[in-house]
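Quick heads-up: the structure tokens below are two forms of one chain, split into structure 1 and structure 2.
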Structure 1
């Protein structure tokens, strides 16, 4: 993998920030078009499918902007799925924004006699998707979300921007199958990109906390002048930098699975507490529906579950024990 220049990455960040802002006023299909026109969905996808065939280092600033801007679109899923599908026709449809796609991160399906059955969960926005990837015991299967044998119903996750859905399969026909390595590559990529999105969310919440405490006056002084609050914000900054540091190192060592796992684990752990702290600094306002702190917090909790952070920690510990047997 070549390491991109800072200028090239900054250009991706700027484009993504502007596209994410535009998406706020659009429906899911409009968002797909908007993100596709900005060239974002195809960052990782093959050139033959209309993609840019770039590395994950270019996707990081895009997901950072998506997290910062509360994007309501399964962009992470679309980018990784389009890349995994290579030159299959579905890849081009996703890249161009003609089809919306998502991934059911939990549960999965069995493939018997060429037909899929089972229940998958944690599929962001599957209710408005054309294509859904569900996991198999070894690999994954792509299905038509509106096809026969596929029922999408509301999930019970916390995220409000890209609500999680359940995918119930009973005799659905797969459009495409991915092998175990391809699914693993999706998971590895997702861990890095969730970390990037959480990093973006933390920075947005920190900026809001700085703005709020700089203007809100209590005890005759701006809140920002109280050292305990300054230190709380310094810790939020520290969380954002931890996430950035772990991502940077993972990009330096793309094959180091521990480094990749650490980026995701660091993001869910430090990211969630940083947003909780930013919420706290908003006082009563932080507890309201209208102040978006809770939206960021909800998403981080959802991503934590989608990436199975608890299971990942168990596997890391098991690796540690095995290495010191």
Structure 2
């Protein structure tokens, strides 16, 4: 996918790629500081909170690089949450890397008498976070992950490098409340940025497949000489182009909710298939930790679940059928 055509967006892509590489040997807090120093966490956040107050078009290349580099950090969640919190002090803490933050994408909580109760899930790396956003029936609430009434149940899930956790609330006091419109904006932004991250993963896996088949010899020939394998890689490239086109269309029509949903739907459908194909081209090596094919696939499946891609596909199909009835 072509991330940017102008120098400004290309610079964001370069900065993000470098920062993601630097994060490889750091713990979560070290990664937060590294990403904050590069100015990446605050791309969408308000200037009053130390952010850049830019649009999602500037965030797309950042998440593309994060997906390509298997960044083990909830960057998408941090960026969107810092933006949603506006000028609240928690936003500045996230932007500056002083606090790690994530979002619980499933389940939710109830607010009664000013206190929160309930169970939320699919919160990436909540076990190492300071702040967690949980959904309410009509918005969301930010809680201190280490505060009273908050239990983080560390899980495993598919993505072992950014494990999804459960957040159990029992009389927890919210640090901040977001209304329904703010939570909807987070979800809409997440769909586009998940798509960008999946696009990055697909391109990384495609490049690895090309390199492997070009150097691996079987029956006296390089694997790339076999037409069926070239066709498989052509389909992977086509998947990457489909994802890129869907993202570009969404950016051209920022108020089109259907375009945003279509970008995420395309990325989850085509992305997983493309990475599975790249994994198969590596044979048994694709399932080892040294070759990251299955790690990319695990992460795409995790994003698929966090964004409820199956449910989204069903809703899109129902809307199309109703529109053409």
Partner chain sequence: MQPGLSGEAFRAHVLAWLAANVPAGIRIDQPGYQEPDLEACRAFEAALHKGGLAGITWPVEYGGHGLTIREHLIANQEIGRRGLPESINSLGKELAGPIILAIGNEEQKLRLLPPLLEMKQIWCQGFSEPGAGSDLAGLRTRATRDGDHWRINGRKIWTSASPWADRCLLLARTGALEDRHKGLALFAMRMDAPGVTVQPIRQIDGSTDFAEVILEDVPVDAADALGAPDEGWGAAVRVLSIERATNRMYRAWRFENELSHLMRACRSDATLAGLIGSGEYHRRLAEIMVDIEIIKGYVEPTVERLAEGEAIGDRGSLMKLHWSEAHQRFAVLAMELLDQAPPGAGDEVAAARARFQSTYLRGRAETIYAGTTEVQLGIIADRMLKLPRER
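Numbering follows the first chain given and starts at 1. These numbers were taken from a predicted model, which means no experiment stands behind them. Here, rigid core means the biggest group of C-alpha atoms that superpose within 1.5 Å across both forms.
Two forms of the same chain are shown on their own. Structure 2 is the form predicted on its own.
Core-superposed comparison between the two structures: the C-alpha position of residue 317 differs by no less than 2 Å.
When the core is overlaid, the C-alpha of residue 290 ends up 2.8 Å from its other position between the two structures.
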